[in-house]
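The form predicted on its own is given below as one chain in structure tokens.
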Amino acid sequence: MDNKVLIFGHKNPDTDSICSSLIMEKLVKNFNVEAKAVRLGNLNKETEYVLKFLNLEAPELIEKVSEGQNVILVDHNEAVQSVDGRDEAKVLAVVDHHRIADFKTIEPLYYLAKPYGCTATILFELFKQNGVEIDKTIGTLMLSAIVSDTLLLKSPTCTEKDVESVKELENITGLKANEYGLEMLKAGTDLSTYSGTEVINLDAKEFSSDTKKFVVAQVNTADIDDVFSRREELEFAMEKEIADKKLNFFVFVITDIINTNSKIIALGSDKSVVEEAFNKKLDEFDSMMLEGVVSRKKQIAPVLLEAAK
């Protein structure tokens, strides 16, 4: 068992998961806690851009934790999105901005959840409340995570706290969120080197209702048609995931970061749940356009979970 406290975000990590793990490591080390940020999956190109910009190494990749391992969770709490072996680990703390689901522990813990647009915004507050310095590196990690999770503050998940934090972080880092953030987001839209299977797993989260199990995967792009042109390859990969994981349906979301719209592809025996959720029919390509929809957390997952009851 690693003597250090392991800090990690969800599987198929996005920029917030990776950055918040590194930020949390810095925070707890300030209180003389031996800790190490790790990751539960490969980095996407957006996150690679951030780490390269800061000349930082990627956190170590782990697949499971051993019984009794001390861990801190950031940017998630659901078991299906967490590390294998988490139920046998000792969860010391959780810092998250998602719904709370299927979460229980044997011992008391520090649990902080706020409905902000990004976990890093909560951590920004924690640094200030505890008088911990936010240097340029930590500030850039925070700024990157917030810009990523709120799509340059344009997502409906964005709150005034996110906006206020970005303004302060611009002063700390000397970066302009619109300029730096757009370059970062664009870096994440290059899917050309990924296989269909890799594309649908870049940012995929599994959800469960009482009777349904499904996955919502999402990618960002500046050209929806460019991603959709790979539909047959993507659908083949989706069908395999459905079979392997015994899913009722799989939703793949292609989000246009410029025009803030999304096009989805839905497959599976219960794909009618998707039609019910959005009150709209899938077309002959098992797809539908969702105007103004960009947030899985606020605009997609909740309506799917409600329709899946």
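Just so it is clear, the structure is predicted and the values come from calculations on it, not from any experiment. The numbering used is simple: start at 1 and walk along the sequence shown.
Omitted from view is the form predicted together with a further copy of the same chain, to which the following refers.
Which of 100-108, 136-144, 219-227, 170-178 lines the interface with a further copy of the same chain in the predicted complex (heavy atom within 4.5 Å): Among the candidates, contact is made by 100-108.
Non-hydrogen atom within 4.5 angstroms of a further copy of the same chain in the predicted complex for each of Lys114, Asp210 and Pro302: Every listed residue reaches a further copy of the same chain in the predicted complex, so yes.
4.5 angstroms heavy atom contact with a further copy of the same chain in the predicted complex for Gln129: Looking in the predicted complex, residue contacts with a further copy of the same chain include Gln129, since a heavy atom lies within 4.5 Å.
Residue contact check: Lys11 to a further copy of the same chain in the predicted complex, 4.5 Å heavy atom: Lys11: no contact with a further copy of the same chain in the predicted complex.
Members of 273-296 lying within 4.5 angstroms of a further copy of the same chain, judged by heavy atom, in the predicted complex: Residues within 4.5 Å: none.
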